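As structure tokens, one chain now follows by itself in the form predicted on its own.
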Amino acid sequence: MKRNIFLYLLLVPLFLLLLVFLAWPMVLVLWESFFVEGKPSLSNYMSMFTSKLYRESLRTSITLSLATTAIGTLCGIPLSYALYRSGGRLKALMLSITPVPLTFSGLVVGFAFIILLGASGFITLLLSKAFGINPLEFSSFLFTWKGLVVAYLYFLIPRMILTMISAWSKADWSLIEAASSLGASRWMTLHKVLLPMLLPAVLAGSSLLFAVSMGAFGTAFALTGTGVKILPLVIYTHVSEVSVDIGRADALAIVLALVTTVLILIYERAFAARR
């Protein structure tokens, strides 16, 4: 009993931290979203259905996040396996380098892509000299939502690799050997043994990629300004000095959090039901 009380006391700082920096700000944002010019109103939320800008922003945010999640997951799984199977100094070096993209701010990542793939970027000019491509036409994709997909993968794939490395390390490889010794084909071993074993890590990793992509702001702002209509950038326009509308920004933030949470829950339940 005394041990349980001691453990609960150790959790008190974490509880206070979440209460002050997560729960309380969310309550304030939710509260302010129901007011327009000091009066209670649902018009901030009703505008989500009537405004073409908000509908388009939500659709683009979800499309962008689904695309980056799918590509990041498909790239991260084999890369993490190759890294897990490698050994010696190469593995140690790669494990130390992989988290580095996660340490940069979104603005730094955005400007780095401009330096590499912009109209005067290093890679763009190299390809222009080698294949005679038009730098302006080639670099134009970078400032669209498709360019954001490429830029987001820079910091999403390492997240998937780090998640899967732990899963590969904890996998029970004796089950794979047992399945093979009992005559199971490679496909059956993959489908019946390996995938169910790795599914929790794949779900966790891909859910993380989707959540990060939905809320990413710095990279999108550095590359497109407010040219691409995604929810984080629309929220920014409502809290900037140009067009301040805190109530709308609060409502959009609540919608962004709800949509992200609900889609992740649906995704995880759908795949968990297949296990």
Partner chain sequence: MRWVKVLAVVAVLFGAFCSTAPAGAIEQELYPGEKELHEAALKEGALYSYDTGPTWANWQGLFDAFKERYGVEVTWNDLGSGATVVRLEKEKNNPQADTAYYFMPFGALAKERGVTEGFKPVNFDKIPDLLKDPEGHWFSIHKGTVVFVINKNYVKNTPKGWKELLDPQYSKSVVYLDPRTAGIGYAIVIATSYAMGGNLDNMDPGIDYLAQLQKVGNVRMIEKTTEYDKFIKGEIPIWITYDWNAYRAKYIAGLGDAVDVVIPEEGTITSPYAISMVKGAPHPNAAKLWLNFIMSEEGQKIFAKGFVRPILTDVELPSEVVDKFLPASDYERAMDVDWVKAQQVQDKAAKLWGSKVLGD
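Quick caveat, the model's predicted, so the values are computed rather than measured. Positions refer to the first chain, counted from 1.
Omitted here: the form predicted in complex with its partner chain. The next part is about that form.
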Report the residue, out of T237, S47, T63, S41, that has at least one non-hydrogen atom within 4.5 angstroms of its partner chain in the predicted bound form.
T237
Heavy atom within 4.5 Å of its partner chain in the predicted bound form: which of I246, A211, A67, M26 fits that? Just give me the one.
I246
Just to confirm the contact call: exactly one of 180-188, 152-160, 96-104, 117-125 touches its partner chain in the predicted bound form at a 4.5 Å heavy atom cutoff, so which is it?
117-125
Heavy atoms within 4.5 Å of its partner chain in the predicted bound form: does R59 have any?
no
Does S80 make contact with its partner chain in the predicted bound form, using a 4.5 Å heavy atom cut-off?
no
Applying a 4.5 Å heavy atom distance criterion, does T224 contact its partner chain in the predicted bound form?
yes
Heavy atoms within 4.5 Å of its partner chain in the predicted bound form: does T73 have any?
no
Counting only non-hydrogen atoms and a 4.5 Å cut-off, give the residues of 133-149 close to its partner chain in the predicted bound form.
L136, E137, S139, S140, F143
